[in-house]
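There is one chain below, alone, in structure tokens, taken in the form predicted alone.
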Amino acid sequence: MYQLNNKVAIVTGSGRRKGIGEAIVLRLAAEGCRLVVSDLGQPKGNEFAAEHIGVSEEVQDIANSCRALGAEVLTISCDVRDDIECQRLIFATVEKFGRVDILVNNAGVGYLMEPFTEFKESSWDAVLDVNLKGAFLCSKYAANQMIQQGTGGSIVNIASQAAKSGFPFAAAYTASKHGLVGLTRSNAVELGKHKIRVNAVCPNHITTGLGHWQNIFFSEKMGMDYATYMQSIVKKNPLGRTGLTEDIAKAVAFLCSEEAAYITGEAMNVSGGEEYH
């Protein structure tokens, strides 16, 4: 356990069952955090359909699971593409809990994949706006609050193996995650004097709801049946398995804790050895 009792943690994109965000808030709840569970809440246009977002009912279910672990929880709908909504996310947290100690930028779009020569501008904008601009906006307002408090804090960005390696059909996703590591490093340098640590976690493939969609997409593109494709993923991993959401949650809890007090600006691979740079 990482002794995070009474720390106030915001986790964006944490409203989908079986997602990385859910695993993170459950782990932080178990560590004693007071939590903000946040997601889009309702569909918005073709790029943000119900099957790809955390709808309000799921958000409440996950919040209740955290409460069952003893956590005090606030739920807030937030479109991280929107400056005003990101400000509101921080202000509402402070109004409820009095402070912000931890921000986990987990909201992301990984389901808009197209051949590069056919990639639509609307798809590019949707991915970059959520994955990179959203992290920028939330980090900006959380950092301002942490600076005002004067007691430091921790920001963790959920990047990807795609932050370090290229993948077909994922130009926007790969660019956004590379950019997120750049944002992590720049913010770590600038915010260090305020005792605010900024790190990224880079998972390899995890079969969440989104991961299942990606499995179907890539197996079809590669002309493989689903089972054969999944075996190929396992075979290339030194530890011989795919990642679990809990693997990412453990890394986040560590980076938020005093055990990581001298770690900032890092992009930590959590990939079973598949990605090693």
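One rule holds for the numbers: they count along the sequence shown, beginning at 1. Quick caveat: nothing in here was measured; it's all calculated off a predicted structure.
Omitted here: the form predicted together with a small molecule. The next part is about that form.
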| note | Picking from C66, V36, C33, L40, the single residue whose non-hydrogen atoms come within 4.5 angstroms of the small molecule in the model of the complex is L40
| note | Students should find that, of C78, A170, V198, I102, the residue having a non-hydrogen atom no more than 4.5 angstroms from the small molecule in the model of the complex is C78
| said: Can you confirm whether R27, L74 and T93, the three residues that make up this candidate site, all sit within 4.5 Å of the small molecule in the model of the complex, judged by heavy atoms? | reply: no
| Only one of 139-147, 187-195, 108-116, 93-101 gets a heavy atom within 4.5 Å of the small molecule in the model of the complex; which is it? | 108-116
| field | Contact test in the model of the complex: P203 vs the small molecule, heavy atoms, 4.5 Å | value | yes
| I53: touches the small molecule in the model of the complex, heavy atom cutoff 4.5 angstroms | yes
| query | Given that the partner is absent here, does F48 sit within 4.5 Å of the small molecule in the model of the complex, heavy atoms only? | reply | yes
| task | Considering only heavy atoms, tell me if I20 and the small molecule come within 4.5 Å of each other in the model of the complex. | result | yes
